[in-house]
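Quick heads-up: it's one chain on its own, the form predicted on its own, in structure tokens.
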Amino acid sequence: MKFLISANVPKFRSVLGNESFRVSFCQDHSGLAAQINGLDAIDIWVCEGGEVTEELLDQWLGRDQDSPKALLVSDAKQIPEVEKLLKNRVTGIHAVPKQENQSDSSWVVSTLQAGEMLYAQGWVRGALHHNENDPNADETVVLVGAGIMNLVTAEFLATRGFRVRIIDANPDPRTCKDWSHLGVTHGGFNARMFTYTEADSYNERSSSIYRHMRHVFRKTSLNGGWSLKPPSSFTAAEIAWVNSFEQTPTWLAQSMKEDIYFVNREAAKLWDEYMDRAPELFNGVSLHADILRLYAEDVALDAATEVNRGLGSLMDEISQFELVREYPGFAAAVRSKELAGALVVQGFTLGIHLFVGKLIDRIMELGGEFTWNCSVQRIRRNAAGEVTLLESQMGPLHGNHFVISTGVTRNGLLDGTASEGLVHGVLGVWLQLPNLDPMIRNSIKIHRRGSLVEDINVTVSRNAQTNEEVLLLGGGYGYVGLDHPSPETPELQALFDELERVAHTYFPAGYRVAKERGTLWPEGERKFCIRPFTCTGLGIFEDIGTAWGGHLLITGGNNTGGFAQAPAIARAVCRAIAGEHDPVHVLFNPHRSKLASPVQYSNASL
């Protein structure tokens, strides 16, 4: 995605400053032809209107014809004349006049955001056109990957009368005893949380208190960063991913953060509807409502209060005094200045292994089929680029529609798609404490700004083997890119050590008991899970046509929000197959996350 700015160039330069990555400026309109015919094709042109000619439009629209084009015109009076020249050849044309009393910064940012959204909509409009046949109950949907998003999607589809077949490369999680052979949903601890900020953007350059985040993937966990591998060992794909994270401009990062929160709010409504529609899925899964959020600093507490109030999820604000009175165990954290205050927010936690076990049974009751230990290796297409089948180790897979949601894909399955290279792994770690009297009744999220393990989910649960009430702690950010880490690396050990310090700080009594028993890590295994991240924080939703008018849909990459956003993704899949619009189709279009410069990077650039 690249912008050309030929309107109010000084204002754009002033507002963007050094964040003009993927933006070309042309104040002297005589140089427009050179800019349009430059090395990189222009996707979005912000113009005054009068400088636009038919010749320039022909040159612009003749470049990269498979990519949508968006035109924004600052002088609304010029729109009719420009439209005559365009002859319906662009994705969208939009007037962006500066409003009375609108600041330069506000106008520039809103103009860029409008252009980027028109560009994303252009990709989706093209995708919707290939659904020529009305779906019916006789159709089969093949879902690749049996993680939480595809399982919820399969249940949504099966409930609507589709035949579903789920293929997964790993063993059946209900019988597999080795967690390291399972994916992120089944391989970690038995805990997941929903909050209105559970999926989030980590591009925080607009924040006055989180600006340190920009280069967080360039430092290893031993040096206070979020990488489990030294930057010198990054592959070209990993270098591009980190560069894209760092080069996401402030105006776009803020827009994407709001989009992620929008999907979270949609998911909240859908979770409520899901619990009403199928209450049996949520019985006996250690469901706990309302989340207690703890903050180590006043500044972070104040920022979170504002965010949650804006999202409509804030239920209560709790002072240090009130917190210690209700939860005496937190007194030590207050004395050591590790606890400034707390919020109660809307949300819930559940035992994910129990929940997906019920989901699998429900899908099978609806006629769904599961195939385990089957790796899907390639998307096969015809000369027109339409999908014809999927190649797997058990032979070709056929269906009316396909849904691929495999987490971090390392086998080249997504090669040739817009989603290729977008999803990388960021690891989190786990430990377990006994839930001692006075027992914690609400699951908790702890935020420690700048800490190695910055966000920690504390889920109230019950140990399936001992029937003991426990607290499951999960957190940390360890970038592994497209690798699978060795459990013995000092960088991974640093994350476990830091999570242990959090347990000692906030739950000292439970920590001492677990340490004495040797049960911090049940069965002596230090478990971790590798979460699928994109560089923008957006999930992905790609729609590719099949040769018979069906859909191949690619989803995932929802960072810490795969569980949280699962019903929103499931609804988006159902709507795509039905030829209907869903906001996720635009907001999570993979082209929004394809920000890396096309130049080749070398390890030396890090």
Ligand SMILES: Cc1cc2nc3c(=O)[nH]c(=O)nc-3n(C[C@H](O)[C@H](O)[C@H](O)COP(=O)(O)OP(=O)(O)OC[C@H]3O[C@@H](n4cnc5c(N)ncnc54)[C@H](O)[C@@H]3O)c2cc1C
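Residue positions are given as counts along the sequence shown, with the first one as 1. Keep in mind the model is a prediction, meaning the values are calculated, not measured.
The form predicted together with this ligand is left out here; the points below concern that form.
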> Is Thr185 a contact residue for this ligand in the predicted complex, using a 4.5 Å heavy atom cut-off?
Replying inline: yes
> Given that the partner is absent here, does Arg448 sit within 4.5 Å of this ligand in the predicted complex, heavy atoms only?
Replying inline: no
> Is there a heavy atom of His353 no more than 4.5 Å from a heavy atom of this ligand in the predicted complex?
Replying inline: no
> Heavy atoms within 4.5 Å of this ligand in the predicted complex: does Gly550 have any?
Replying inline: no
> At 4.5 angstroms, heavy atoms only, are Val344, Leu538 and Pro583 all close to this ligand in the predicted complex?
Replying inline: no
> Which pick from Thr140, Thr305, Asn170, Gln121 sits with a heavy atom within 4.5 Å of this ligand in the predicted complex?
Replying inline: Asn170
> Among the candidate residues Ala564, Ala70, Leu32, Val52, which is the single one with a non-hydrogen atom no more than 4.5 Å from this ligand in the predicted complex?
Replying inline: Ala564
>> Taking 4.5 angstroms as the heavy atom distance cut-off, pick the stretch from 317 to 325, 71 to 79, 143 to 151, 96 to 104 that is near this ligand in the predicted complex.
In response: 143 to 151
> What are the residues of 341 to 379, in order along the chain, with a heavy atom within 4.5 Å of this ligand in the predicted complex?
Replying inline: Cys374, Ser375, Val376
